[in-house]
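Just one chain is shown here, as structure tokens, and it is the form predicted on its own.
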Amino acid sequence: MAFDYVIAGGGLQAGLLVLALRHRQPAATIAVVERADKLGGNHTWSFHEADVPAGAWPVVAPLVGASWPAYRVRFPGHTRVVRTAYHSILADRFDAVVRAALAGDGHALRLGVEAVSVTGTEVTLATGEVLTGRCVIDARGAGPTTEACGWQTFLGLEVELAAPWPDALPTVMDATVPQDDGYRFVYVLPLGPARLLVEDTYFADTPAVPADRLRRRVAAYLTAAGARDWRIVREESGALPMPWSGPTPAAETPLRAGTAGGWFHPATGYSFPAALRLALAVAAVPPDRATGAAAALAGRLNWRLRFARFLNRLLFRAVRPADRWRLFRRLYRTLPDATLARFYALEFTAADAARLLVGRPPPLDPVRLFSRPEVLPCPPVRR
């Protein structure tokens, strides 16, 4: 079957591409192939208000399942409310919205089937079916990485509480918890008055996710916060590479999108800002010009992506693991809300980059900085 666009993969990048194309090219025909039985998997994606470029809210708004006017961070000796709106995309809503966008005539959704071959003009399925496209986009996600990197590891429990949670704002970083295995913080999203997603998170040297231990730590955090009874609704976990080497996005055929193409923020683990910008760039041009549009966007973002990787090198190779939290406390003590927003959105300026580096660093470890790191491959799951 022939389409204007064929997308291999059904994660965040694919969904944003579908919604951007339906919004900006309503006559274009789209096919999506996903090996799982649903779109988006079992994930929660969050983003800041400034991550959405002007005019792009109609693309994003249908996906948003929870929103807050600000967010909080906590460190020993410092708590701050950042006056930037924060939003989350929940897996079930993502699946329903993207399915609905593909429900019209001329579109196709193939779930539960593997794309065994992806070329510049066609995608061959494990069933033998061949989907032909004027533009083929490979958004199947990254496989095991061979880049030198640190890791953002996490395990989250979505829970229903017997009583309302006392804080209506999300806590993006609570680093007042005991520090071990690198930089540890707890991430809390109040999805409803008595419904929470609580993640125990680490910027660690290895991709290990010790599930039993992290479940106990989430439970201990809830208990310490005054929660007495809760029911676990859902669990999610992952190990996200935070690379300090390797390639940044480039023009390829087929167009490699999402994490496999380098379209993510290396220093934060957030994939939404780069994925949305790529989706908007592709949707703004005809199918045969999509690769060129992606190349132009990569040219604009690549110095920022390289700088973010440089920050990862400093964090994971120069700073002692037990002192990493001090670096983040300094940033949240000194940077204005607008600077933080530009950094997360991959829109920071050269002056912003310089400001990130100014200030007294935490204790450094020259042995780690000049030693050869071990490369530990792990298939990532992106927030």
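Everything numeric here is computed off the predicted structure, so don't read it as measured data. The first residue of the sequence shown is number 1, and the count goes up from there.
Heads up, the form predicted together with a small molecule isn't pictured, but that's what we're talking about next.
- In the predicted complex, the small molecule lies farther than 4.5 Å from every heavy atom of Pro190.
- Although the partner is absent from this view, Thr201 stays clear of the small molecule in the predicted complex, with no non-hydrogen atom inside 4.5 angstroms.
- Under a 4.5 angstroms non-hydrogen atom cutoff, the small molecule in the predicted complex lacks Ala345 among its neighbouring residues.
- In the predicted complex, no heavy atom of Thr153 sits within 4.5 Å of the small molecule.
- Across the options 222-230, 171-179, 263-271, 282-290, residues that bring heavy atoms within 4.5 Å of the small molecule in the predicted complex belong to 263-271.
- Among the residues Arg320, Arg333, Arg35, Arg355, the one placing a heavy atom within 4.5 Å of the small molecule in the predicted complex is Arg35.
- Only one of Pro254, Pro207, Gly141, Pro249 lies close to the small molecule in the predicted complex, with a heavy atom inside 4.5 Å, and it is Gly141.
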